[in-house]
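Below are two forms of the same protein chain, given as structure tokens: structure 1, then structure 2.
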Structure 1
Amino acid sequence: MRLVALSRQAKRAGLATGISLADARARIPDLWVEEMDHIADAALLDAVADDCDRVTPIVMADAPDGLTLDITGCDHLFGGEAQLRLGLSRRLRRAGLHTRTVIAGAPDTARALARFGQVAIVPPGAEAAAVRTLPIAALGLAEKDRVAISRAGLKTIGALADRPSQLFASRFGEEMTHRLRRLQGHAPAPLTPRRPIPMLWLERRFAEPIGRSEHVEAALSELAQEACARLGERREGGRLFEACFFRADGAVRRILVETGRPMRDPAIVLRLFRERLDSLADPIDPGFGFDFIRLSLLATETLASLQSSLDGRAAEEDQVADLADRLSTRFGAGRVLRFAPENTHDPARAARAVPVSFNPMTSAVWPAPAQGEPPLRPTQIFDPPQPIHIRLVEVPDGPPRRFSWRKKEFDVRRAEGPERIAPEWWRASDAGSHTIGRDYYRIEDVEGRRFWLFRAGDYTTDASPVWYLHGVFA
């Protein structure tokens, strides 16, 4: 067992990561050791990242122990970069976390300086100079490459930067020179935020935490009005709204609301939020109150102008869409569905239930039933099909004359079939099935109940093929 993380006191006592536990115990007998818990560490990083969301919605996790915040355009809200850095460090220290925070013009520069450097804030344009004294490890290369560079006598980033980059590119690959350029702030670094970057966001900070639900709702209402006004300027409507409630003690709760069409009516947005808050299984607990609330728009679409209310038909369609949104918000998008046709002859796949707001972009249309034909497909279908016991059947390919299902006997009066439906062998899920196809029968029993049965296999190759009930007709 080896040491992987140390407290400040342990470092001061001369311990370092990587030495074995037996060694460390020999040096300091009353050393306090805990087993490494990666899951708890990840959870802690997640919680800290959530709390940092109050600074900016663009937070990147730098596992296992770092966070990168894009504070472009945010620092003035906190009274400048120095104030922002100080406030954040203080807040985290109050939570019992020691952190090193660096502000720089490029994410890689800040990340490397926080881990290896001494600088707090890098002035704009000075990134290349700031990283010169950092050790090679700041590049984050593979261990063998780092050792190889060290063996060449190059100890610092500055030494590396002074030499022509082609040398390293041919020896260590293009990746290394990219890293170096990103570290120096010369090349743009890709951003991979842990949460989607909102199209638009509005925030409310409170001097005193608010806890009463009517205050929260009032704040949300103001935010919704502002957001909708901004959307109006942009000639857009929101599809996905997210409200983040930041509790004073660091806990964050997010509430998501989706609409089926672009929307910028604050009253409707607020009603959806109220519906959602109302239906939460675990209601939002304000604890000691929220000191910060943000409303973000995660998805927007163009919405030229609000429909005129003179057009009765459009208004009615909107009312139905609003109803679908409210129901989806309350019961979950997976419970408010409509049917989309599929281009397939497999009856189990012919209709897909999709959330109302989801546009499946399918070219398929519902087949029009033939004039005068009785229904050939059931109104309700079992998934999986229900096994039945056959009492009496016309072999080899006739319909059953008597069968039992759910411990009840059914005498068949009318029957039609077989209708052979072959499996779709090109689908992975069907590829393994050995059946050559299913022979479907429409059956009516003496009482008038109508069923859709099928036989898997046939009587010529199988002495007793299995029968299933797949659906019921009206």
Structure 2
Amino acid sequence: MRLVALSRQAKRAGLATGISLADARARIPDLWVEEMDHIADAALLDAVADDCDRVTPIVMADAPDGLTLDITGCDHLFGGEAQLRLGLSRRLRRAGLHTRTVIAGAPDTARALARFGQVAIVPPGAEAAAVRTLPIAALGLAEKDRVAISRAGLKTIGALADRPSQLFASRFGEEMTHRLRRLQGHAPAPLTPRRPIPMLWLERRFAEPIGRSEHVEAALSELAQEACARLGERREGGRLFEACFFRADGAVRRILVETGRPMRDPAIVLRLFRERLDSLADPIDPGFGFDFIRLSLLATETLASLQSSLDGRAAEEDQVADLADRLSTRFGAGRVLRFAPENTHDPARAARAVPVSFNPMTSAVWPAPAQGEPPLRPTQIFDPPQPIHIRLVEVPDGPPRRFSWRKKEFDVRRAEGPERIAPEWWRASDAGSHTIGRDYYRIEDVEGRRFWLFRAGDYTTDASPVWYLHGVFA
């Protein structure tokens, strides 16, 4: 067992990371140690990252003990970069954390200086000069590569940067030269935020924390009005709204609202948030109060002004969509469904149930029936199709003249078909998909009831093909 993390007192006593626990106890017999808990460490890092969202919504995790914040365009809210860094450092120290914070123009530069350097703020364009004195370990290379470079007499980033990069690329690969360029700020570094980057966000900071529900709702209403005004200027509407409530003690609570169509009406947005808050099984606890509230739009779409049609259908559709959004917000998106068309000729897969807020990327549309013609597909389809007994039929391709279903006889008066539907060959191996062609018939009995039947098999190759009832027309 070895030491992986030390307090400042342990470092002053002469201990270092990597030494064995036995050696450490030999030096300090009453040494206090705890077994490393990776799960608890990850949870703590997530909690700190949530609290850092109050500085910027773009936070990247640098496990196991680091965070990278993109503060581009945010420093003016705190009085400049120096004040932002000072305020964040003080807040983390008050939480009992020992931290080092560095601001630089490149993320890899800031990360390396925070772990190996002494600089607090790097002036623009001075990244390469700021990292010259850092050790080779700042590159984050594999241990064998770091040892090989050190044995060559190169101890610092500056010594490595003064040599031709082709020599190291041929020996250690292009990845090492890319790391060096990113460390010097000469190449962009890939960043993966832990949360989606909002398309638009607005904030309210309070000198004194607020805790009363009416104050919170008033602040949220102001943010919704401002957000919808911004959307109107951009001719867009929001599809995914997120309200973040930051408590004074560092806890963060997020409320997500999704709409079925683009929205920029502040009254409707606020009503959806009320519905969501009322339906929470675990109500939001303000604790000592919220000192910061943010409203983020995670997804937006183009939204033209609503123009009422002469028959009022546009207004009715908007009211139905509003009702669907309210029901989805209160009961959950997975409990309020609608049918979406699928681009397939297989009647069993022609539609699927999706949440009303789901925005499919497919271009499939519902087929419009011909004027004056009955529908091609029934409104009710049985899954699985129900077998029927044929009493009289015209062979080889004629429709049935009499059949029984559910212990009742039906005499056919009119019939249309056959319509041959072959299986999708690329889905032939899927469970539940049919593997032979079907001949479908639309029929009407003497009492005016209409059915959709099909024959599985062929009288020319099979003496007794099987018939099924797949659906009934309304």
Partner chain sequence: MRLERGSSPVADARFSIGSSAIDAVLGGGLVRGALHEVFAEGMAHEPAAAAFAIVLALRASGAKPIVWVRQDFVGLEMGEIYAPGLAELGLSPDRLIMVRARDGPSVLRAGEEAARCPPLGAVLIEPWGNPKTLDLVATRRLALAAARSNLPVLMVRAGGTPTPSAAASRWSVRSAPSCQLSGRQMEADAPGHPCFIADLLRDRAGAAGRGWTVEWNRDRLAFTDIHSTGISGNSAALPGDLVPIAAGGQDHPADANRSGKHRRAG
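In this text, the rigid core denotes the largest set of C-alpha atoms whose superposition between the two forms falls within 1.5 Å. Here the structure is a predicted model, which is why all the values come from computation and not from measurement. Counting starts at 1 and follows the sequence of structure 1.
Undergrad: Which depiction, structure 1 or structure 2, is to be taken as the form predicted alone?
TA: It is the second structure that is the form predicted alone.
Undergrad: Kindly check if the Cα atom of F403 is displaced 2 angstroms or more between the two structures relative to the superposed rigid core.
TA: True for F403: a C-alpha shift of 2 Å or more.
Undergrad: Would R239 count as moving between the two structures, using a Cα shift of 2 angstroms or more after superposing the core as the test?
TA: It does not reach a 2 Å shift.
Undergrad: Superposing on the rigid core, is the Cα displacement of R352 between the two structures 2 Å or more?
TA: Result for R352: yes, a 2 Å-plus shift.
Undergrad: With both forms fitted on the core, how large is the C-alpha shift of V412 between the two structures in Å?
TA: Shift of V412 at C-alpha, rigid core superposed: 22.3 Å.
Undergrad: Quote the shift of the Cα of P341 between the two structures to one decimal place in Å, the two forms being superposed on the rigid core.
TA: Once the two forms are fitted on their core, the shift reads 5.4 Å.
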